[in-house]
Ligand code: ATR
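Quick heads-up: it's one chain on its own, the form predicted on its own, in structure tokens.
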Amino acid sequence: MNDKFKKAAVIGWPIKQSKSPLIHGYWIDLYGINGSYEPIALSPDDFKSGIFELMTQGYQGCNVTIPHKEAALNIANSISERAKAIGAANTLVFKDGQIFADNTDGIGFINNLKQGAPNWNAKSGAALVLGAGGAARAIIYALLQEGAPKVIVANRTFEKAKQLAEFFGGKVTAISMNKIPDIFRNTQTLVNTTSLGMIGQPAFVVDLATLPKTALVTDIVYNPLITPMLKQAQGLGLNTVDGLGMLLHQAVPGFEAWFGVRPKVDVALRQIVLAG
């Protein structure tokens, strides 16, 4: 390609743990793009000035990770509907001196389910979301957009779950963690957004046996790839989707906006990110 050299980055504090350079680097090579994608560490105090510096240096945009996702909204000139609803941005696009903020976590989650479980349909029944953090917020929004008739949020701190349910209103209700087994029979999509089951964290311990045989179980944790919750679900013959694909799919819209190519999430990319 003879296009001008295009630059993008991922901004965080710290940034060493980010898998984004592996993902975007793979696509840059795969599609023969004349460009680069690099990790840049910016402290909260330097975030705003750092973003403006990237713009003056000709960057197309950047991903934004912890702890800058809320701050990213405050410096944007325009914000997508989903980023507004979620209250955080993970993708910034620079164009004509303007900053556009988006949040692709929810669409990454949905597209991961569609790829990993092609027969899954959000409209088939209630979704139960474990956790009430930023990822839960993005996923609840996406499930509602996909037509989930009801979303139930369960969290160790009931107050946080209640606040999230009140924020979305209507089809979203909150329960405490000890009520989870009571609603399994009517759950078609079970989502873990907590750190339970992650390496170094305690497992999510609950008996999934009362879930309908048609239920889908997914975990946004991808280290380990098959968490104890997914292992139990697989043992019961339930449909499962691991969390790695959400990370990969959420990167697609940003890459397309910066480099002009809509990339595909394939097996080779999964292997590279797992190995990295």
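The first residue of the sequence shown is number 1, and the count goes up from there. This one's a predicted model, so the numbers in the text were calculated from it and none came from an experiment.
Separately, the form predicted together with the ligand exists; it is not shown, and the next lines address it.
Colleague: Would Leu144 count as touching the ligand in the predicted complex under a 4.5 Å heavy atom rule?
Modeller: The answer is no: Leu144 has no heavy atom within 4.5 Å of the ligand.
Colleague: Please check if Asn112 has a heavy atom lying within 4.5 Å of any heavy atom of the ligand in the predicted complex.
Modeller: Heavy-atom contact with the ligand at 4.5 Å: absent for Asn112.
Colleague: Should Ala117 be counted as a contact of the ligand in the predicted complex, where contact means heavy atoms within 4.5 Å?
Modeller: The answer is no: Ala117 has no heavy atom within 4.5 Å of the ligand.
Colleague: Could you confirm whether Gln98 comes within 4.5 Å of the ligand in the predicted complex, counting heavy atoms only?
Modeller: No, Gln98 sits far enough from the ligand in the predicted complex that none of its heavy atoms falls within 4.5 Å.
Colleague: Given the stretches 192-200, 165-173, 179-187, 76-84, which is the single one in contact with the ligand in the predicted complex, using a heavy atom cutoff of 4.5 Å?
Modeller: It is 192-200 that comes within 4.5 Å of the partner.
Colleague: Taking heavy atoms and a 4.5 Å limit, what residues of 115-134 are near the ligand in the predicted complex?
Modeller: Going through 115-134 in order - heavy atoms within 4.5 Å of the ligand in the predicted complex - the hits are Gly131, Ala132, Gly133, Gly134.
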